[in-house]
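Only one chain is given next, in structure tokens, and it is the form predicted on its own.
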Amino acid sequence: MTSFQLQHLSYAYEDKLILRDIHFSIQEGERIGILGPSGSGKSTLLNIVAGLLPLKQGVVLDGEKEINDLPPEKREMAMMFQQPLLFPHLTILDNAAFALKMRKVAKKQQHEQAKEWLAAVGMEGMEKRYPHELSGGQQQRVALARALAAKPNLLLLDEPFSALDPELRLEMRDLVQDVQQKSNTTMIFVTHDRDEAFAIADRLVILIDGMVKQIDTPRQCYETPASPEVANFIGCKNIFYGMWEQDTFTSSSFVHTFQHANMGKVSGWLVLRPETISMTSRTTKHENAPLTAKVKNIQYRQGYYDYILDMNGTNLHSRQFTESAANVQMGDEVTVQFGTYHFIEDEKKGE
């Protein structure tokens, strides 16, 4: 069931176009992640949906109702910002109940609902404290309880975990998923953190230079990026422009034949995810792996190694689990094999 729709939204500031023809729908109970680099228009888009910025071109629909001209307080939305923005003179309980107070809910009911949500976010027993008595992570928990206590039709989050340390970010990420699933609250969150977006979102809206470049599940965005810009932003650095002719791909960096590719004759970008590139010591012979490279850099991660290989002056990024990478060292000559690949056709070339 469609909950919200954004139809052909564009926004300019001082004659500079910030957003260009944004168009997508949000299903009830869905978690939408707006992912993009800094300056791509993510927060601007969220502020337009919330009614904090005027919309002069496009339509925002709540169900079938247009809400372009509704002020923020009448949109039945709640928003979390990078900072908790709690009222310092109010207790935690009164902060969590604030939106209910503005709706003139009876005080007893305000406190009952606020206590329920404070308990849901792990703040039970702290109702009488004040914001200055809490850590940053605890303050964000209160801000989340305040947002959810209002029972919004749409919860908006503008990078609310960016000021927290890594461990607290993970805790808050899991908490938001947990309470969102229990309440079935429809949610849009903005982030430039790929890990965060992949962990939380049901679908991603990839926003680059104010334009939607792809809308899909996190897995599809990663495995089948719609453009080389998306592939690069998602984190795949092995992007090569070249020409297919049947099973053979030719680029300025290498020529390689893939089994059963049968691509015909077409130009575009070959995308090779680092985990699909395997390598072995050059002393081991592989008839189907004529490509060779030299190990240029090794970085250990949690359970795997990231390698940068020098292949004829071109960097090739490979990711290997610890066990399979144990015998490869800096400076080694290795044989490279390509596994699963993704191809993005150059549409302009085909015109």
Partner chain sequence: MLKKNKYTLWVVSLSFVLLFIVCIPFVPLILMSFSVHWSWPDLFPSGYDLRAWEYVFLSNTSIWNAVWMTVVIAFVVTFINILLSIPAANAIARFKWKGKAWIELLFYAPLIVPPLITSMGIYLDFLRYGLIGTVTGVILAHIAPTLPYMIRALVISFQTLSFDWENQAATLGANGWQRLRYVVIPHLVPGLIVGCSLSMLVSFSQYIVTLLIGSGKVQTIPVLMFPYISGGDQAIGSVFIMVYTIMTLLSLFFMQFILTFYYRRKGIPL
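Being a predicted model, the structure only gives us computed values, none of them experimental. Residue numbers count along the first chain shown, from 1.
Heads up, the form predicted together with the partner chain isn't pictured, but that's what we're talking about next.
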Item checked: in the predicted bound form, the residue from F81, F198, F240, W244 that sits within 4.5 Å of the partner chain by heavy atoms -> F81
Checklist line | in the predicted bound form, the residue from A231, A114, M77, L272 that sits within 4.5 Å of the partner chain by heavy atoms | finding: M77
Next item on the list: Answer yes if any heavy atom of A147 is within 4.5 Å of a heavy atom of the partner chain in the predicted bound form; otherwise answer no.
Entry: yes
Margin query: Can you tell me whether D178 touches the partner chain? I mean in the predicted bound form, with a 4.5 angstroms heavy atom cut-off.
Written below: no
Check: Closest heavy atom of F98 to the partner chain in the predicted bound form, within 4.5 Å or not?
Finding: yes
Margin query: Taking the partner chain as it sits in the predicted bound form, is L86 near enough to touch it, meaning that at least one heavy atom pair lies within 4.5 angstroms?
Written below: yes
Margin query: To test your reading of this chain, name the stretch in 28-36, 310-318, 293-301, 66-74 whose heavy atoms come within 4.5 Å of the partner chain in the predicted bound form.
Written below: 66-74
Notebook entry, point to check: Going through 112-132 from first to last, which residues have a non-hydrogen atom within 4.5 Å of the partner chain in the predicted bound form?
Noted result: Y130, H132
